[in-house]
Ligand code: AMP
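To begin, one chain is listed below as structure tokens, in the form predicted on its own.
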Amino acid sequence: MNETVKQLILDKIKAYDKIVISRHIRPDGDAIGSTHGFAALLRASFPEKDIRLVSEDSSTYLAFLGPDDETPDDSFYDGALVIVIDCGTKDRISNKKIDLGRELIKIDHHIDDKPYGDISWVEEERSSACEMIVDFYVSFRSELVMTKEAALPLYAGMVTDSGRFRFPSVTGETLRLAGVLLDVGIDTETLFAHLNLEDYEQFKYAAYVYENMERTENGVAYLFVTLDMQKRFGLDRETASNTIGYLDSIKNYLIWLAFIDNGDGSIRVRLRSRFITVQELATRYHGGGHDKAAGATVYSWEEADALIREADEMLGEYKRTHEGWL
């Protein structure tokens, strides 16, 4: 089935002279890496085509990969193929002009709650959309050209979305496909310097997080990242969002949540878990994602408190009915 869908996608790419590539709002490493990598792959493989990477939502995360393309005029979409990568639902696409294109292709690895697209290739078990793009390349490597410019963002997306290849979604196939990119000759030392090194001020923020995080009776760790906190520590949107990473290694705390005030009346919620599924909880609060890594949105701190209570009740029930969870 997937081989047939991949062939349909390649045929469509060959048939169009103009292609627009987009992703989800508030992009993470996978969204940025998969779109930059796929655009570079197609440009190297089909230099005669006009390929644009278009997003209305910028990010400083993985900024070393370079900027997106300038937004084209509406006329560019006339007769164009639109490819959206790493976006589970149509309302989260960071390009409101996608319907101006002739056809839409969806490539994604999130739970397919709200299907869209004329052609949809979804593999929920994949660790990242970048992994799917590399798989696409391998399926047609006699017709496609993988360059270092394409391999670097794809590898960066695989690394970040898999938790440095630690998450349960990582398989032997994940590592074999990562090896394909390494064989191209990626500068991993520079890449991991970009990913791992932080300014000294970030360590001050980490200390603040551990001093001010809150915990529930059943083992939910959470933090409210208010506008005052963001201003105090000079946090941009992605740095504030990445607060979730500070909460993921506390023994006995199997769900961790970060609430980031967007300043527009909405509060972004990042949900992560170990052993227990949080995806359904996220969908009840205007979100979705993966079983153990999801996102949501609430519109008041009272609604945030309700989400915390639900998470705590879920976790309490899980611990009462399961053994061996550490």
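Residue numbers here begin at 1 and follow the sequence given. Computed from a prediction, not measured in an experiment: that's the story for all the values here.
This next part talks about the form predicted in complex with adenosine monophosphate (AMP), which is not shown.
Student: Work out which of the listed stretches, 65-73, 52-60, 265-273, 37-45, brings a heavy atom within 4.5 angstroms of adenosine monophosphate (AMP) in the model of the complex.
Tutor: That would be stretch 265-273.
Student: At the 4.5 Å heavy atom threshold, is Gly29 in contact with adenosine monophosphate (AMP) in the model of the complex?
Tutor: No - in the model of the complex, heavy atoms of Gly29 and adenosine monophosphate (AMP) never come within 4.5 Å of each other.
Student: Indicate whether Ala296 is a 4.5 Å heavy atom neighbour of adenosine monophosphate (AMP) in the model of the complex.
Tutor: Looking in the model of the complex, residue contacts with adenosine monophosphate (AMP) include Ala296, since a heavy atom lies within 4.5 Å.
Student: At 4.5 Å between heavy atoms, is Arg126 in contact with adenosine monophosphate (AMP) in the model of the complex?
Tutor: No, Arg126 sits far enough from adenosine monophosphate (AMP) in the model of the complex that none of its heavy atoms falls within 4.5 Å.
Student: Contact with adenosine monophosphate (AMP) in the model of the complex for Lys90, defined as at least one heavy atom pair within 4.5 Å: yes or no?
Tutor: Residue-level check for Lys90: no, no contact with adenosine monophosphate (AMP).
Student: Taking adenosine monophosphate (AMP) in the model of the complex, which residues of 284-306 have any heavy atom within 4.5 Å of it?
Tutor: Going through 284-306 in order - heavy atoms within 4.5 Å of adenosine monophosphate (AMP) in the model of the complex - the hits are His286, Gly287, Gly288, Gly289, His290, Ala293, Ala294, Gly295, Ala296.
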